[in-house]
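One chain comes next, on its own, written out as structure tokens in the form predicted on its own.
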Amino acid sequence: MTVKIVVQKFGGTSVNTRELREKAALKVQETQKEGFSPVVVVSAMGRKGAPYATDTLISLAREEFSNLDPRDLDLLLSCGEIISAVVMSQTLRRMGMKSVAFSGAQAGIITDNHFGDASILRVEPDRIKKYLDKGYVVVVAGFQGATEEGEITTLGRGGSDTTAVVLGIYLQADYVDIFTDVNGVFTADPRIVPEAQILQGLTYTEAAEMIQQGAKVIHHKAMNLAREYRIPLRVRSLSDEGKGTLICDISTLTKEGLRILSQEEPVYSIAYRRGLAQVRVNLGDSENGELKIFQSLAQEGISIDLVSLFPEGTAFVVDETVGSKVEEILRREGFEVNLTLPCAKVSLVGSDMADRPGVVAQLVEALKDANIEILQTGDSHITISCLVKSQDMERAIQVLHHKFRLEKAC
């Protein structure tokens, strides 16, 4: 008999207290009752400040040792997820389920030896399958694996999402559930726009673009893997009885009876990214000035966004944390530089923007009516982005959400 599998990933805020772990366990129990064999992936409990959170362990190491060996740091950081896996497994047992906890290595996750940001080479899932066949819930510590030689590694930011999706691929899971602190993916951040609506279904391309523009849906590495291997994702919440947002291909959305938003709506979501700085550079009489600017930044490993070129100069966006460094580099090259910060990028995510007249006009009209200055714009096939001052970001999202009637789009 073929075992139907669902991989369920619970983030740090979903397993931080006994009450939350019991809520998570109820979701696992519901999945069993639906006829699936659950494989649970957990992050370290809590966020920075919580005793076993990854950021807390990093702070502990770096406050004590300024040059901790990367191998030893990974060994330390792996402890947070292992503690979480054991505690979650015991919670499941207390609620009457058979359960076993695995480290990443015990789960068969084999990585390269790039400590701190290892890539998964393969998964050897036989041990997991053996316990699933016996009716166990297998709880796997996310964010980690081991090299061929048995050295413990961590997978970098978003590593638990990656663990869940990769296990879903190798176990041929029906779904990978990502449990977060919201009920699914929304038309906008519901903390900013209370009337934002849940998007019941998204294609991989739609979800990936939202993530690219700053939406906190799932880590981009995990999203890319899910899209490549066509593993359906469900973004869900512990506090909601629904199935959240299903991310899959168009054919699966159609079978589920869900709308294909990109075929119907010019705009179906608003994403944002905080903590940016706008850099404006006057080229003066510099020959090949643009080339010199971008080469200088590339050599320093600095990523740029929203590039605009003018006869007299250029404007682009960088992370706020490197704004001063960029200014210093370019002044050293002899350029006149103006820095504006803090800024935020607000992006309309939709479809066929170039073929839908009037979207830009509506964006400009809405922000002008709200007295919000647009510092810069950029667009792609399915997004239109504008840069605003950070103080105006939330109001910009609210007025654009209302302008495009997204509260009625779902």
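Just count from 1 along the sequence shown to find any residue number. Since this is a predicted model, take the numbers as computed values, not measurements.
Separately, the form predicted in complex with adenosine-5'-diphosphate (ADP) exists; it is not shown, and the next lines address it.
The stretch in contact with adenosine-5'-diphosphate (ADP) in the model of the complex, judged by heavy atoms within 4.5 Å, is 215 to 223, chosen from 287 to 295, 215 to 223, 117 to 125, 304 to 312. When contacts are defined as a non-hydrogen atom within 4.5 Å, all of R47, V185 and D189 contact adenosine-5'-diphosphate (ADP) in the model of the complex. Interface membership of T180, defined by any non-hydrogen atom within 4.5 Å of adenosine-5'-diphosphate (ADP) in the model of the complex, is confirmed. In the model of the complex, at least one heavy atom of M210 sits within 4.5 Å of adenosine-5'-diphosphate (ADP). With contact defined as any non-hydrogen atom lying within 4.5 angstroms of adenosine-5'-diphosphate (ADP) in the model of the complex, the stretch 292 to 310 contains no contacting residue.
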